[in-house]
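What follows is one chain in structure tokens, specifically the form predicted on its own.
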């Protein structure tokens, strides 16, 4: 018997696409888009279409596995869930007894659903202040800058027409952000055409459609943003009334911008000065102008200041919380995040986190992975000896993959939950088989202030011994002796979350989405949620935070290196989500080889032809990939697909990733103070032909 279950995607990216899931005899057989999807509007990506292959894959993990050989040897025994939970609890409590609760870190990859916040609750109830994730290079630089500058995370408003659209470091045709689906942008432009400017070293599909493409050198976004501001200030294109009434620190920002005239910005970014001026004028004259910003600006040490500069650009042009600009969504009526994660149990968390001594910006409560590795190696500021890891593959996701591998390998105890064996899971003492998308009831976009939450009702049951991460954590908490802080049935949490709205989970599943009313210009009533009550173009607490009051370009992170004359960056594939889904044969067939993109001029200089096997090298490492020669990238730049590894070589075998993973080439130093971010873009590199395999 066939049936159609309507739900929302949540594992193939950050989610938001509405799915019609065809189920037959308890198996997902087909996934198609819902033409009436609120966010996706009839679109799904290749990854979502591949869900039946993922869910029914013969290599899925289906039983708890306990290590019986040396760490990383790939030797396992299957055990029952009762044994597995008892083993996990003994191991974590042993480390807690010997080194303290904070010596256990709780690691999550890109947050995809409630399990991230349930993990935070587990850490808080266990007594550890250390929840670890990649947020220092993904989303949080923009969010934390937003909180500091204007009191909120500015979200592109596609509900109203814009006078111009500036797409900066965002490749929506291959990867989406939190509910920002490509079709929303394209449909808005179709209904209300407006000039489009794309800032990206690669000529993405959006760049090919744009009125102006600015292929800047990787890592120079801050210089370009300051150049934009200088043009807007010098030509008086800013909104004088807004600036006078609602901003703090205009003179300081203007002084910083004067250091970046168009000619200097052009020299730093590698762009024609005329194009920079033209782009700044288009945005500055648009009322409103919209900035679609993305992860591309966040993976270098200037990420926090770049985000500050772009928010300042939105502000001085009067586009903050304006229709068609970048708005401040109100939260939907759900349980507060603080209450859900039991933040009250860790009142001194900010003082006790691994990152505390490094002076991160206030409110940044996720520990950067680089500080975890430092603590594992040195025992400073205190030892880290155990890790609980879910929805993450740190060996490939964290900077300097070889360093990450050795650090994790030296831990006393590791528990991972996984759908398929990965290089990180292969290092664990215990691997627990996790249910995945479409196999459990979930809530999407909770904890991300975009003004809505989505129902993700399950379509099928998971395999018999695969469990949702939420259930695993709830059961583990009880095994740890924390049962009075958890639920008898883990799904009871869904009702608690929705209780303020007066909805059951079944009610929300029927509706699909719960969102707050859309209101604009809220600052006219209460000002901005900053210490001054205004947009802080220069931070009023800058001295206390150890930061410059206004964003300022201080030069390239790495000096020119004649032995490594090119600049390395990375990009994401539309067929995979970082290192995930590499087992899905249909996806691999669409993109069978790891590749580096390089311009024909760059290729000619290295005597490289399209399709050649090449070495890409930095001072940190070397990988062997295939050359993809294309004029869709600027000369002098190399771009490698992130997250590539080869499961067929064996997840326990470092050779499965050491020749292909982008982060083999990156370093965990230097880090910025604000967020502990390493420089993953603009890394000096070189390319050369490799002998055929």
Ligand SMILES: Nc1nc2c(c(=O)[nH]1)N[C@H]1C(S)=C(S)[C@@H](COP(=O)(O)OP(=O)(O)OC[C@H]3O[C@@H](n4cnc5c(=O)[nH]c(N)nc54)[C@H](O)[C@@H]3O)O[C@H]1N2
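These figures come from a predicted structure and were not determined experimentally. Positions refer to the first chain, counted from 1.
Separately, the form predicted together with the ligand exists; it is not shown, and the next lines address it.
By the 4.5 Å heavy atom rule, the three marked residues 130, 346 and 356 all fail to count as contacting the ligand in the predicted bound form. Heavy atoms within 4.5 Å of the ligand in the predicted bound form map, among the stretches 147 to 155, 313 to 321, 216 to 224, 483 to 491, onto 216 to 224 alone. Comment: the ligand is not present in this chain, but in the predicted bound form one of 89, 538, 435, 513 has a heavy atom within 4.5 Å of it, namely 435.
When you look in the predicted bound form, the only residue of 165, 397, 123, 550 with a non-hydrogen atom within 4.5 Å of the ligand is 397. Residue 428 falls outside the set of residues with a heavy atom inside 4.5 Å of the ligand in the predicted bound form.
Within 4.5 Å of some heavy atom of the ligand in the predicted bound form lies at least one heavy atom of residue 573. Using a 4.5 Å cutoff between non-hydrogen atoms, residue 294 counts as a contact of the ligand in the predicted bound form.
Within this chain, residue 256 is remote from the site of the ligand in the predicted bound form, having no heavy atom within 4.5 Å. Contacts of stretch 154 to 172 with the ligand in the predicted bound form, defined by any heavy atom lying within 4.5 Å, are made by 168, 169, 170, 171, 172, listed in sequence order.
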